[in-house]
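There is one chain below, alone, in structure tokens, taken in the form predicted on its own.
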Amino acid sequence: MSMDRGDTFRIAVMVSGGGTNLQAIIDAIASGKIRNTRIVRVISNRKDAYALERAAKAGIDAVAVSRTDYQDKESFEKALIRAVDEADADLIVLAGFLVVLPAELTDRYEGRMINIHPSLIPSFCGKGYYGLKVHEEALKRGVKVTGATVHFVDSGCDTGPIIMQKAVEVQDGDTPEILQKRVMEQAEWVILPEAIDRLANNRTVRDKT
């Protein structure tokens, strides 16, 4: 890119839905909890994702790369990779991005891509564990403590190195929806911004020069 990068840590956020974690990041940057960082692009696989509106309100470049616009999986994945590459970001943040990423993308951004997962990995993670399903299974199993995990993304499903975790108590009478909300408020919205701030300011991901 021709623009001067300066010293600001650049992140791109990938999100499929409402974007509550995206909003937590936007708010944390505005309040100074995440330092020396700006979101340079929001990428969604859904054109109707409310996350795109959140980005627009914050003046952030936002793009939708929808599978329905492409004839086959290969062309969709190429477009997705291109959208990420164009952001020229130091760190890619998956904040509820419900698409299996192509190996080319995870390989290219190894050590520079993180994900937030709504459980204490290795519990309730892997293929099929996303959204309310995670909390339904936690309640079905009868666990007393759950939480959220920020981890680096690798070629597996929720298998990359763990960066941060935060526990949340399961309470009597919890429904999956109630538990999901508590995990978001007490864990996800806390540790995702904190992890980004650590990575941005300790530069523990690979710096671009």
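What you see is a predicted model; the values in this text were computed from it and never measured. Just count from 1 along the sequence shown to find any residue number.
We do not show the form predicted in complex with glycinamide ribonucleotide (GAR), though everything after this point is about it.
Undergrad: Does residue 131 reach glycinamide ribonucleotide (GAR) in the predicted bound form, with heavy atoms at most 4.5 Å apart?
TA: Judged by the heavy-atom cut-off of 4.5 Å, residue 131 is in contact with glycinamide ribonucleotide (GAR) in the predicted bound form.
Undergrad: Is residue 19 part of the interface with glycinamide ribonucleotide (GAR) in the predicted bound form - any heavy atom within 4.5 Å?
TA: Although glycinamide ribonucleotide (GAR) is absent here, residue 19 would touch it in the predicted bound form, with heavy atoms inside 4.5 Å.
Undergrad: In the predicted bound form, does residue 98 have a heavy atom within 4.5 Å of glycinamide ribonucleotide (GAR)?
TA: Yes, residue 98 lies within 4.5 Å of glycinamide ribonucleotide (GAR) in the predicted bound form.
Undergrad: Is there a non-hydrogen atom of residue 138 within 4.5 angstroms of a non-hydrogen atom of glycinamide ribonucleotide (GAR) in the predicted bound form?
TA: Answer no; every heavy atom of residue 138 is more than 4.5 Å from glycinamide ribonucleotide (GAR) in the predicted bound form.
Undergrad: Exactly one residue in 92, 120, 80, 116 has a non-hydrogen atom within 4.5 Å of glycinamide ribonucleotide (GAR) in the predicted bound form; which is it?
TA: It is 116.
Undergrad: Tell me, out of 184, 29, 58, 64, which residue has a non-hydrogen atom within 4.5 angstroms of glycinamide ribonucleotide (GAR) in the predicted bound form.
TA: Looking at 184, 29, 58, 64 one by one, just 184 meets the 4.5 Å heavy-atom criterion.
Undergrad: Glycinamide ribonucleotide (GAR) isn't shown here, but in the predicted bound form, which of 103-111, 80-88, 67-75, 122-130 has heavy atoms within 4.5 Å of it?
TA: Result of the contact check: 122-130.
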